[in-house]
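Starting off, we have a lone chain in the form predicted on its own, written out as structure tokens.
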């Protein structure tokens, strides 16, 4: 009896706090992790080249590459090479991406356009765009026109594929809901289809802009006096690894900057997802 009364007098256990797990796998900003990875990698390469563990014929010292950057800055050659490259990249990528988004949206919205253009895009997409550079030179000349055309064409096809795929993936129940509320076709496209497809379009742009940088280098290696590609080609011909890696680092930084720009656009346009 004593044991029974004791058990009845015990208070029930208090509420147990349960950690919130409804974040929807939303990524958290951890920018410092990327910086740490870069710093550690560069420090390891510096240590390996100084101790002889890494041959100087394989990788130059990061400190020597940094000194090469200083020479480029002081001589003014950095901007002489960077300015034409940025112009070609911006013009070519803007033409290709804008046309690709427009065509991709048309393919996603209209059945006749899809039936006519999807087989054409599927036939063009696997062609290595660099292989078409001689053809563009014949069509547009060896000057800026062929470089713009190559970058635009290389950006166009992946943007088309990403865009109409993103339009296809828009939730059809949202479209039916808009129709049930009596929204016009234009309003449904503007308020439902395009916002719903925007994440896929921006993801496709990341890939398209990376391809644009690759094609920029290829285009500048043919008939360009100034440009990052021409600079890398000249450094490779002289086997000047410091200058060669300085050009590669410039391209890497350019890719990081473009990715950051896309990230800013995503935060501005896709804030509704949070």
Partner chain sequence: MVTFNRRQTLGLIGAAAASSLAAPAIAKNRKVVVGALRFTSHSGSFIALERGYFDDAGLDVELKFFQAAQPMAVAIASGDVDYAVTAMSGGLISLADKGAIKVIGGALSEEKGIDGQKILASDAAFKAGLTAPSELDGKTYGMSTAGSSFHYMGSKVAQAEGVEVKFKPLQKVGAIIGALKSGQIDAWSIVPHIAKPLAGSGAVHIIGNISDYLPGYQVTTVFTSAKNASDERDQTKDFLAGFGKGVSDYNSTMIDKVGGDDGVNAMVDLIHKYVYTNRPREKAAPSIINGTMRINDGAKLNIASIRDQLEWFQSEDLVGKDITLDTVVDGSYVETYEG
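Residue numbers count along the first chain shown, from 1. Each form is matched to the other, and the largest set of C-alpha atoms that superpose within 1.5 Å is called the rigid core. Being a predicted model, the structure only gives us computed values, none of them experimental.
Another form exists, predicted together with its partner chain; not displayed. Remarks below refer to it.
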property	result
Contact flag, residue 141 vs its partner chain in the predicted bound form, heavy atom cut 4.5 Å	yes
Non-hydrogen atom contact residue 66 with its partner chain in the predicted bound form at 4.5 angstroms	no
Partner contact for residue 32 in the predicted bound form: its partner chain, 4.5 angstroms, heavy atom	no
Contact label in the predicted bound form: residue 223 to its partner chain, heavy atom within 4.5 Å	yes
The single option of 106, 161, 72, 137 touching its partner chain in the predicted bound form, heavy atom within 4.5 Å	137
Stretch in contact, per heavy atom within 4.5 angstroms of its partner chain in the predicted bound form, of 203-211, 226-234, 244-252, 37-45	226-234
Rigid-core frame, C-alpha of residue 54, shift of 2 angstroms or more between the shown form and the other one	yes
